[in-house]
Ligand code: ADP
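Starting off, we have a lone chain in the form predicted alone, written out as structure tokens.
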Amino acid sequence: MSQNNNQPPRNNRNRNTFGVVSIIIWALVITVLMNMLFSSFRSSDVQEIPYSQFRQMVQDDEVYAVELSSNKYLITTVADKEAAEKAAEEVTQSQLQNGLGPLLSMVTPTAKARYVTAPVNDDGIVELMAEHHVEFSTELVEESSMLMGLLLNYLLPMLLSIGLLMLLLRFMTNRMGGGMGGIGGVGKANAKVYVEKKTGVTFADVAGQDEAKESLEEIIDFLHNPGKYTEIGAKLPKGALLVGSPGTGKTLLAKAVAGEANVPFFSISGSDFVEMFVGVGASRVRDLFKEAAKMAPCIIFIDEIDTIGKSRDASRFGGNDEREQTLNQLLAELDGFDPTKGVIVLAATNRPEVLDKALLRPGRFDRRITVDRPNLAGRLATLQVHTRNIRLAEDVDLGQIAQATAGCVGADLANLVNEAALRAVRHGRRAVNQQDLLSSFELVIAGSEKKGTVLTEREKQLVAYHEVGHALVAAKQKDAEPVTKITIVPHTQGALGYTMQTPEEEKFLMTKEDLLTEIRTLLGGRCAEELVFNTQTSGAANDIERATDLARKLVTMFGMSDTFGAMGLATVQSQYLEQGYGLTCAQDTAALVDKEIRSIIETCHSEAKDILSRDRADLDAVANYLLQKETITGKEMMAILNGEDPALTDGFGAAPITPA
């Protein structure tokens, strides 16, 4: 038996029929409400009176005319008639004086019914009205006029309401990016489809994520050779979840998988599923998987899946029916499709802790791939990828840049290279040199120089001693990172100056002494202000914030406190978004934690101040040299500390001197 493939699926037809019926019902309700509203407006100035009062008014010659109908009598009084005639006479005289006689008939006031009463079975009312010279009449209703009234009062307003609802629905769908699925396009998936190599990305374009690429290569091999896996009875995971910090390359990896496999790539964001209409997101999920099944083998990529995949926690107030229906439909689709057909689902998020457990169980997104920040080798490989199409000068040392950019993600490195290229063009060079890369790195971390900011002499001295305080405390400690640059030039990100330190080697663990060394270095600027000027400035605000944060982590998370020992007092919140941590202890314990943190800060502050007091001559010498040049390198500072001529040094970076 053949099947007509041109016919729409049954569930699509049912949804369309339901949408049409819904719009018709809404239009009918609106029409009835409008007629009731207009009727109330028309009858608002007509007063209802008892029939006995109406009969008495006729006997008292107060009634001028009555309009009879089967359900009501409309009564016009003699007083209303006389008032209308008087108003008409005044209008006539006014228009004749102004030469508007032809318009007289259009604006002449007429008497209107002021009272209404319900008719009763009274055979003598007609004789009574005739006896008192009351004009009475009954409206002659023809069949055509009844049809016309029905058309004007109900059918025409209903058609107009349907049209307006359709236009409104289409407008809202277009504004929200909807396609043309169902009524007004509500429900169709807005997936961007890249067929074969149109993603333009392969694994050669992704660097620094070797572990993630190894996990994804198995998916590519399955798409190319599915028989090799089905023959042994193996099943490939239906979904792979890419987890990592923003900018680490999750979306780039997904595109690279599609580019390597040469299969269609369906890309859609989690926010595209959620609309104001309940049920639209679920419909879009169905449409997306239906289209993907037609083009299998293919890859479906859902970016920011935490938008629709949040945990369905009943204890939270204010649930979202649309989001939960969309999640339920996604769970059903992940269970329903056959992975042997070659439909692979990839998803990305930087908030895995909020995802629903049902989404992560085996059989759905049961493979989790961490896309972490690149290490030193990964940063070097990433820089090499981003500089492939950049013309570099001979002095460029990407290894030095990779070493300086510890903690940067792939997006940061791409931005750094692009800023360096723009700087080279601004300075009229045809190639990017090492200084361009170093300056662009400083631009990313501190912003551009504020050339219009003019500091007073005292402010410059305060800033100079503050920055040299950081640098000197770092130089005099054994485990501190080497100082590479000191500047007192204001920058756009609020810094009046900064001290740059570059690690000599990649560190994955921090000892307690490493943390205390960093706290002392951060407090060195405030200590220099107190030692030299016997004052404190607001310039140490960021230093104090960072030092306090390190001390709090040392106590609550790293278990390095003598008071609390190896006791966990806090948990990380949003690990990949770096949104801090929350205390998991009682209020009394939290108060003791604050005392312990204060003790650590005060101890480190005292030790940093002792270092500067012991080497006050070196502090003055470096600060005076910095005031002359405004920007010096770490090697220039080390030359001064070693009693050498700083003008004979060059280069980027220097090792700290051996503490005395």
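From 1 onward, residues are counted along the sequence shown. Here the structure is a predicted model, which is why all the values come from computation and not from measurement.
The discussion below concerns the form predicted in complex with adenosine-5'-diphosphate, not included here.
Participant: Closest heavy atom of A411 to adenosine-5'-diphosphate in the predicted complex, within 4.5 Å or not?
Facilitator: Contact with adenosine-5'-diphosphate, yes.
Participant: Is it the case that Q461, even though its partner is missing from this view, gets within 4.5 Å of adenosine-5'-diphosphate in the predicted complex, heavy atoms only?
Facilitator: Output for Q461 is no: heavy atoms all beyond 4.5 Å of adenosine-5'-diphosphate.
Participant: Even though the partner isn't displayed, in the predicted complex is D306 close enough to adenosine-5'-diphosphate, meaning a heavy atom within 4.5 Å?
Facilitator: Taking the distances in the predicted complex, the answer for D306 is no, it never comes within 4.5 Å of adenosine-5'-diphosphate.
Participant: Is there a heavy atom of A547 no more than 4.5 Å from a heavy atom of adenosine-5'-diphosphate in the predicted complex?
Facilitator: Contact with adenosine-5'-diphosphate, no.
Participant: Counting only non-hydrogen atoms, which stretch in 516 to 524, 433 to 441, 240 to 248, 257 to 265 is within 4.5 Å of adenosine-5'-diphosphate in the predicted complex?
Facilitator: Residues of 240 to 248 come within 4.5 Å of the partner.
Participant: Heavy atom within 4.5 Å of adenosine-5'-diphosphate in the predicted complex: which of A570, V116, L252, I162 fits that? Just give me the one.
Facilitator: Contact check passes for L252.
Participant: Taking 4.5 Å between heavy atoms as the contact cutoff, choose which of K485, K476, R286, H386 touches adenosine-5'-diphosphate in the predicted complex.
Facilitator: Of K485, K476, R286, H386, the residue with a heavy atom within 4.5 Å of adenosine-5'-diphosphate in the predicted complex is H386.
Participant: Only counting heavy atoms and a 4.5 Å limit, does any residue of 353 to 383 reach adenosine-5'-diphosphate in the predicted complex, and if so which ones?
Facilitator: The stretch touches the partner through T382 alone.
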